[in-house]
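Next up is one chain by itself, shown in structure tokens, the form predicted on its own.
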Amino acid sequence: MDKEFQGIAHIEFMNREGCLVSDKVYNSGNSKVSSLIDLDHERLPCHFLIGMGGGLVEGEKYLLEIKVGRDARGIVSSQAPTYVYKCDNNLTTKQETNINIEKNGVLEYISDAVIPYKDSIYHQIVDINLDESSVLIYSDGITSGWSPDQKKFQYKQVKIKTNVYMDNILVCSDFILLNPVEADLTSIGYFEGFSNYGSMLIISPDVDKVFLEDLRKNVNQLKEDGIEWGASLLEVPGLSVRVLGDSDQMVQKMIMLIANFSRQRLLNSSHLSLRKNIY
């Protein structure tokens, strides 16, 4: 195993003479990639990411690599939320993710939220490089965390940086810094009274103002009370989406609502069922 990382997961999707497959799949350390998951309505390669240690321990570093080849398509999801344990020695726990999508490739990456424990320090860096013909549906999220006394926002610090490159040119950079020691995370501009946050990127040559307006109309008709969301166009054909809610289940339901609208409009695909109770 690479001494730098306590866990490595690697997945490659390929189009082999018209057959969509996952090819080079391997893992090491505390990271594991599931065998192929059968979907109810589609024959697409789908894998779950599994953490073997129950959570990320102080100072640990993990690497996830996903490659989607030309004309290939795949789905990746986490099996469960990512728990980040306390960092009593102020050592940072890190997750690095590298995603590459080649011409006409399609990746759906639907992740469960990160749950940082009291006194934890967590940094996440996601670098996505895709072709202008590619399609990406990406989601992640963060919660107010967990503490023995059930108080919210008791972690020390969370940083989440997501960079998107199109043909190796930076087209989108999103940076979230949550520091409960120095800022009131319940205030406007942060969680705004909510406890859970979800983020999405939807990138496709077919995303435009009409798509955005149709998404808003559709989702607003179906969304539950007690949840807020917003979406804005990127500089390239794509959307950035923010979701706020009072539970992880509510946020994940909203993310799947948006993902399913997007996959139907952009990919002519049916409702995605990952067989998780919240969906």
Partner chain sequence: MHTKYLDVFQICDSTFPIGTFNHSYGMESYLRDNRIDNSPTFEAWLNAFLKTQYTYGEGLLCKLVFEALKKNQQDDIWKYDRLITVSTTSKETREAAKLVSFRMIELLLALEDDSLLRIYQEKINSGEVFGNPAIVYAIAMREKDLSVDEMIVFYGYSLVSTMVQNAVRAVPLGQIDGQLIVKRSFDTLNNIAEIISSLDDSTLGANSPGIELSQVQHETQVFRLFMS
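Being a predicted model, the structure only gives us computed values, none of them experimental. Residue numbers count along the first chain shown, from 1.
The discussion below concerns the form predicted together with the partner chain, not included here.
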Open item on the list: Counting only non-hydrogen atoms and a 4.5 Å threshold, tell me whether 63, 80 and 135 all contact the partner chain in the model of the complex.
Closed with: no
Open item on the list: Please identify, from 93 to 101, 190 to 198, 80 to 88, 144 to 152, the stretch that has a heavy atom within 4.5 Å of the partner chain in the model of the complex.
Closed with: 190 to 198
- [ ] Go through 178, 106, 115, 121 and name the one with a heavy atom inside 4.5 Å of the partner chain in the model of the complex.
- [x] 178
Task: Contact residue in the model of the complex, chosen from 234, 57, 219, 37 - any heavy atom within 4.5 Å of the partner chain - done: 234
Open item on the list: With the partner left out here, check for me: in the model of the complex, does some heavy atom of residue 230 sit within 4.5 Å of the partner chain?
Closed with: yes
Task: in the model of the complex, residue 27 touching the partner chain (heavy atom, 4.5 Å) - done: no
Open item on the list: With the partner left out here, check for me: in the model of the complex, does some heavy atom of residue 240 sit within 4.5 Å of the partner chain?
Closed with: yes
TODO: State yes or no: in the model of the complex, is some non-hydrogen atom of residue 244 no more than 4.5 angstroms from a non-hydrogen atom of the partner chain?
DONE: yes
Task: Sequence-ordered residues of 144 to 163 touching the partner chain in the model of the complex, heavy atom within 4.5 Å - done: 159, 161
